[in-house]
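Form predicted alone, single chain, as structure tokens, below.
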Amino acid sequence: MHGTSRWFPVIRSEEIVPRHIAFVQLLDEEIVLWRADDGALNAWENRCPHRGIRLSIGTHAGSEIVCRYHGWRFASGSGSCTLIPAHPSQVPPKAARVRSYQIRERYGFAWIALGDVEGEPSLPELDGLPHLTLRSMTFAAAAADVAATLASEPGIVVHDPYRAVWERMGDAAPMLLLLQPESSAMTTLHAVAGNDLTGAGRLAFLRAHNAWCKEIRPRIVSEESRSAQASR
């Protein structure tokens, strides 16, 4: 599956905190993510259907998002407008609805599909294992360039344009490297490992991953630079 017909991780679940509106970008689409007070997770187009104002600057009201411009309120789940403050006695039109996307939570991430997709997000390498989400990185590079650099790294196998598996030396379980194509020139790299390390072992693992992040960044940027020069 490619493009809109697949699930993409876009943010770690722990980053979608109560009464907060998170903002992500996927395939040039601006999306807001927010968790209602009852736990329901929403992924909406970052645009009020009234005047097009970004909902990311709105207010989280528990079970609704309130647009900052005219105060229109939109309900968790349906995205339907529940109140137009300028006309409080008026029933909002059915067309006053925020565009929503499919969203799931698995492996410590929130996943979004922009189009129709069957099934659930799946990382077979981690099924039955505990998992530890790691630092994400964003690059000014196309997903294809990031994937190409990962494929050149020892021990990393790129399974498709957006997913790679790294059998890290000394680790008991694999690490999954997942690409979120924000746009044609911007990519976020997420990572999740199949372990349940605690204490000093966990700290050492996190430090090792941070060190790798620093090492890989200039190589990805260099690869992107070479690709840009070759296309001229």
Partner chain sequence: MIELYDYELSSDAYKARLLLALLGVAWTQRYVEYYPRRQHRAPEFLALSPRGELPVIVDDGTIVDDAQNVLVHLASRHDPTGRWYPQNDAGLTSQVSTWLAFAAALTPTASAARLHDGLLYHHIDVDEARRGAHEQLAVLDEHLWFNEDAGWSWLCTVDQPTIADIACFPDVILAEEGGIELRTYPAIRRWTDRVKAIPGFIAMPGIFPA
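Everything quoted here is computed from the prediction, not taken from an experiment. Numbering follows the first chain given and starts at 1.
Not on display, but discussed next: the form predicted in complex with the partner chain.
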| message | Within 4.5 Å of the partner chain in the predicted complex - does that hold for a heavy atom of every one of Arg12, Leu134 and Leu206? | response | yes
| said: I need to confirm a contact call. Of Leu197, Ala61, Leu41, Met186, which residue comes within 4.5 Å of the partner chain in the predicted complex, counting heavy atoms only? | reply: Met186
| message | How about Ile21 - does it come within 4.5 Å of the partner chain in the predicted complex, if we only consider non-hydrogen atoms? | response | yes
| request: Decide whether Arg163 counts as a contact residue for the partner chain in the predicted complex under a heavy atom distance cut-off of 4.5 Å. | output: no
| message | When the contact criterion is heavy atoms within 4.5 Å, does Arg219 count as touching the partner chain in the predicted complex? | response | no
| Quick one: does Ser78 come within 4.5 Å of the partner chain in the predicted complex, counting heavy atoms only? | no
| message | If you apply a 4.5 angstroms heavy atom cut-off, which residues in 42-66 are near the partner chain in the predicted complex? | response | Arg54, Ser56, Ile57, Thr59
